[in-house]
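In structure tokens, the next block holds one chain alone, the form predicted on its own.
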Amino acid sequence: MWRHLNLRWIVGAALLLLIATAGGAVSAAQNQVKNPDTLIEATIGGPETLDPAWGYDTASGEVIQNVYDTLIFPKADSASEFVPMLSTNVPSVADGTISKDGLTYTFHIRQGVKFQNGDDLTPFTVKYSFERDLIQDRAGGPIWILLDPILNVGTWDSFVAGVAKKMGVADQYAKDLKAFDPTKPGTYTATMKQVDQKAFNEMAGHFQIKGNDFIVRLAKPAAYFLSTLVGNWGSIVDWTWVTSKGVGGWNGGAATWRFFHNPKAEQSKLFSEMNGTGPYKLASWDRVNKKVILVRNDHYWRTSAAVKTAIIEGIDEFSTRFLLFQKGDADMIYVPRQNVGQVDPLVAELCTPKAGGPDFTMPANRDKCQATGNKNATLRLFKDLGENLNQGVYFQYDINPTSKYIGSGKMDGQGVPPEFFSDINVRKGFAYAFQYKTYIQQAWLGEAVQPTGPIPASLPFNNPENPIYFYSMNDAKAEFQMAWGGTGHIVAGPNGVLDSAQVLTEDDVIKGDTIQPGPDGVLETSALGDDQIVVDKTGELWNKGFDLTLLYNTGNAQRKTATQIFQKNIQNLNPKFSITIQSEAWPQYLKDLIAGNLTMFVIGWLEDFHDPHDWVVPLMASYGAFSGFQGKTLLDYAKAHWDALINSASVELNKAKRQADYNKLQLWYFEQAPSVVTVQALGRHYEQLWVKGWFYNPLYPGQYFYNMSK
């Protein structure tokens, strides 16, 4: 998830050694429990929304996960096994709650559960929650995860457009939609109303209530469907409350859904209000000071949480967070990787992975925690957590022409044109100019690996032999020289063998000892091995130069380092190349990302569900969460080349065929370089020794306070 968007690879300022050494002993050294009825987490940033159907960042997901419940939930020690929550069963073929064709799932809805305002949970509230998810489907949001298996589409808009096409009114519908203004009821035409009614009825037909059961009928087999239900988008909301006069949300009708579709964050009726069935209730959300206070739901349907109050406080400066930690005024904090040297001397207990590699879950009752012998130490460290997270660099193919980060907006040496990164040689030039090994050592202290593509090594169907980009200033120079009108050819390297099998895509051709572009006019120069690019004529980019700004979100040291590597290496290639580095607070960074203002963005993707489909879609599909923000040029390419294979791979039951499909997608991703994954990190978690019950699960967007006590 880019709930996954604000992925907490956050940062701090660096005046720490002074704090770590001054005074010596820690004020919490006696290990006396502070604030025994309150858990305090000091991190950075804050939620973007409290609406389960809107949020797709970890800061939002963390709050939502503690206030709302889902039908099923990840098993404590697994990313692929689940336990019942608001459903009393986890559907299976064995007990008949999954049909033999893999299309029908039956959930037995738990009785006697109440929302925090006293309303009853019913199968109808479950049905309404899923329908609300699908019709709201905001741009760049999480609802593709449900739309994909349930309706076999990537977006609600494409589903409705498909219904219009089946009705024979596609052209009129498209024309009316273009003129539609939700603030002007007169623009809601008869054709749109007919299409909307038909689309809603067809969607609603995938859900059924039978007694106390909620039944879902999928449009295609999806073995991963259960895992799509555990994220915040699977939260069950209270229909009575949402549609009440005070909240004013969608009433559940076909005639009104259009006016609740694709809202901005603040336009969502659940933006700042919450009413769930979960273990905690929202007490307050201070958006200015980035502070969320949750209080225990004493009428929770399970045993009440052990701790009365949970506080999530966004504190961007690490020195401030660290001081709170030293004094015992924070129970857990995020520690940027470059600051672990200041914190580790205060670790009294180190919990390390099982033999054989990193843990992808780490229960708190494990027996692998050892005393460190550090004097006056009061902290516990869980280390080498196997995070299903890739950080990457994403190129914006069609930058907003009004962006202030592209200078003149022209290829004149004073800026870049909006379509700057649409040139494949530019993207590859950046990819070769990045020092991957140096980045891992400097920004991650070696606690990361370079992935081989969009699918992490920890997932099935990863291809460990997929080619990867490597740091090569010669290759970077050649790519930049061929960009924007340059010409060149590839010749065999020192071994005299032209690695055409690695280089050729479907339309490139071999002529003599050179490879020349096919009908698409693009010479695919990836995976050259020791072959060489010979530039016959330098292009406009190399001759005129460029000037652009790269941004990172404030406080994120790793992302700052990544932009600095690009700046240093690319500027060294040509004195006409100029890159400015600038930081932005996370909310503004996100707004610029959504608006297409960023030239490229450095961000991480944390999985929503444990399947390769959740990786190729966000990074490659025309409806992907990240690819969706990279411009129409990429989306058109993805729709023409990748979408069909992504879809077929997701439903392929033959493992060998599915592996072949994903191998092709991973190679294709490398050859086109729409983005470049830089690291798959290993995680750390620091907490006070008095904290009990914490465990790690990669599907959690943040802390799940229900399990914890002091």
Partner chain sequence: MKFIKPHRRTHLRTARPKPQGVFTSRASAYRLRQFQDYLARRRRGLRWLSQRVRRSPLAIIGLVLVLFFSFVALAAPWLAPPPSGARNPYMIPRASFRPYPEPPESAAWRSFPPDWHKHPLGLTGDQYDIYYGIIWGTRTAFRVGFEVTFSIVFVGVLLGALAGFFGKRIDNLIMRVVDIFLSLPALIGAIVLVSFMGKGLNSVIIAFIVFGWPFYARLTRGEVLRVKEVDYVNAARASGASNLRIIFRHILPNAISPVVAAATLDIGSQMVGVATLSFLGLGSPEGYADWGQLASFARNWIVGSAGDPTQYWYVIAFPGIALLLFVLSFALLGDAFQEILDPRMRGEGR
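Residue numbers count along the first chain shown, from 1. The term rigid core refers to the maximal set of C-alpha atoms that superpose within 1.5 Å between the two forms. Since the structure is predicted, the reported quantities are computational estimates derived from the model, not experimental observations.
The protein also exists as the form predicted together with the partner chain; that form is not presented, and the subsequent description refers to it.
Checking K560, H108, K269, R296 against the partner chain in the predicted complex, a heavy atom within 4.5 Å turns up for just one residue: K560. Just one of Y552, F115, W239, Y334 comes within 4.5 Å of the partner chain in the predicted complex, counting any heavy atom, and that one is Y552. Contact between E317 and the partner chain in the predicted complex is found at the 4.5 Å heavy atom cutoff. Interface residue remark: A76 is not counted as part of the site for the partner chain in the predicted complex, having no heavy atom within 4.5 Å. In the predicted complex, L445 approaches the partner chain with a heavy atom inside 4.5 Å. Contact annotation: G211 falls outside 4.5 Å of the partner chain in the predicted complex, judged by heavy atom distances. Within 4.5 Å of the partner chain in the predicted complex, a heavy atom is found for every one of L346, Q564 and Q571.
Stretch-level contact check against the partner chain in the predicted complex with heavy atoms at 4.5 Å: of 449-457, 76-84, 338-346, 215-223, the positive one is 338-346.
Residues are counted as partner-facing when one of their heavy atoms sits within 4.5 Å of the partner chain in the predicted complex; in 573-589 these are P575, F577, S578, S583, E584, A585, Q588, in sequence order.
Once both forms are overlaid on the rigid core, the distance between the two CA positions of I209 between the shown form and the other one is under 2 angstroms. A displacement of less than 2 angstroms separates the C-alpha positions of L385 between the shown form and the other one, with the rigid core held in common.
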